[in-house]
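The data below hold one chain only, encoded as structure tokens and taken in the form predicted alone.
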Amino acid sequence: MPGPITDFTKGYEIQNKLHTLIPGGSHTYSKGEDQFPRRSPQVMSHADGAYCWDVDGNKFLDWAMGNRVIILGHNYPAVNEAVKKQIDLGINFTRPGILEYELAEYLVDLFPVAEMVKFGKNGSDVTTAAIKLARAFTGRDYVAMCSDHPFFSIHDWFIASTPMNAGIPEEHRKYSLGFRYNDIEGLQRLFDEHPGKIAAIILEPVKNEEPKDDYLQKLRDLCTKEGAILIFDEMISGLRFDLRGAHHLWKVYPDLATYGKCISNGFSFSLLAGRRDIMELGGLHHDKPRTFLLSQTHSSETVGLAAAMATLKECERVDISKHTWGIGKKLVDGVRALAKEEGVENFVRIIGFDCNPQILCTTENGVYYPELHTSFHEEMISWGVLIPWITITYSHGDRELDMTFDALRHGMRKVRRALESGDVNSSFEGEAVKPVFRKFNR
């Protein structure tokens, strides 16, 4: 593997200019400069398969895949060809297009949770639509969200609950309640404290923890008993755990489910699916108060629809979840073996499920260590591996694993040296990475 990579000159110049043009220098907070080491690619130019290039001409093995938005690989032919074909047929129409019907019918047949579907352009569109439907259906105001899952929406109902809540009226916060994953008793206490007031429970069906003691089924039963709408956010878990969503593996079905990110292999498309009696509140064929549900100019834009159809059909063809679980197991086992071999297994850990793992640098007792994390990733990047989070795609194979293990050895040895020196803060350039949700920049 070529390395180390040290030249980011052009990227630094453009990034400095970006901050004068775009707040934060990026349109997504997780892509901001405070989320990466100083010595890292600043601005990307192109990508293909499992690889990406920055404006300085540096090539990286890409495990991040945007913000987990790719499942087949960058520039994947079957998806791109479907999009190109659709462009020549038109991208937006005055009435519903035939592709809206064809994709909706395909999705209702594919997803057991889907009696009806509604399309959006990003994840926040459909999670917020799900919350609105739940409130309209139940006549209740409160929403309980899993505190162990980091992000559900850019909209006020969620952001009000975070430290980064400037610009949101304080009264919004009172309607947002938190609960812990695998704690069914804690959720029951929330219902007891707010009797008949909780409209919805929203969470990722699985994140990094296994559901314990039949947790998901107990959650389903509790929501049914209390009359609350159960919403599963499948933005990350959908397709990776199972084509139909992680909940399908556990055979526990929500009232509403939301999909996005990789469902269209990087093109803009998201999906709300669920029970007909709830979804129909956004329709025309009922006598109840009307719910304004996802009326967006670009929800029916055909490029995203064509990409979603092509992505899902290709994922069915290649059995994508078998691939993500298989490559993921090799990666997880390899990381753990290397960490033990290098004597840093208590500091460089890989957590989560094989199909959706995450590498964390921690203190010896397991607490996240942002300075060590920054130092480690600075070294990984210098050896051409960009792995701030892990998104296994069909384009990641054994060759990519070998490259990753080579860079991991360098990264782990740097971790050991930094720890032995007693001065981790001097082992990397610039500042340590920071949490997105913080009250002030510094």
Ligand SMILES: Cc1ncc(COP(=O)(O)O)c(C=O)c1O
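This one's a predicted model, so the numbers in the text were calculated from it and none came from an experiment. Don't overthink the numbering: it's just position in the shown sequence, from 1.
Heads up, the form predicted together with the named molecule isn't pictured, but that's what we're talking about next.
- Annotation: in the predicted bound form, residues 39, 60 and 386 none come within 4.5 Å of the named molecule through any heavy atom.
- Heavy atoms within 4.5 Å of the named molecule in the predicted bound form are found in exactly one of 121-129, 366-374, 329-337, 280-288, that being 121-129.
- Put simply, of 350, 177, 312, 235 only one has a heavy atom within 4.5 Å of the named molecule in the predicted bound form, and it is 235.
- Comment: the named molecule is not present in this chain, but in the predicted bound form one of 325, 151, 93, 106 has a heavy atom within 4.5 Å of it, namely 151.
- Contact check for residue 261: a heavy atom falls within 4.5 Å of the named molecule in the predicted bound form.
- Using a 4.5 angstroms limit between non-hydrogen atoms, residue 255 is distant from the named molecule in the predicted bound form.
- Proximity of residue 204 to the named molecule in the predicted bound form: non-hydrogen atoms within 4.5 Å are present.
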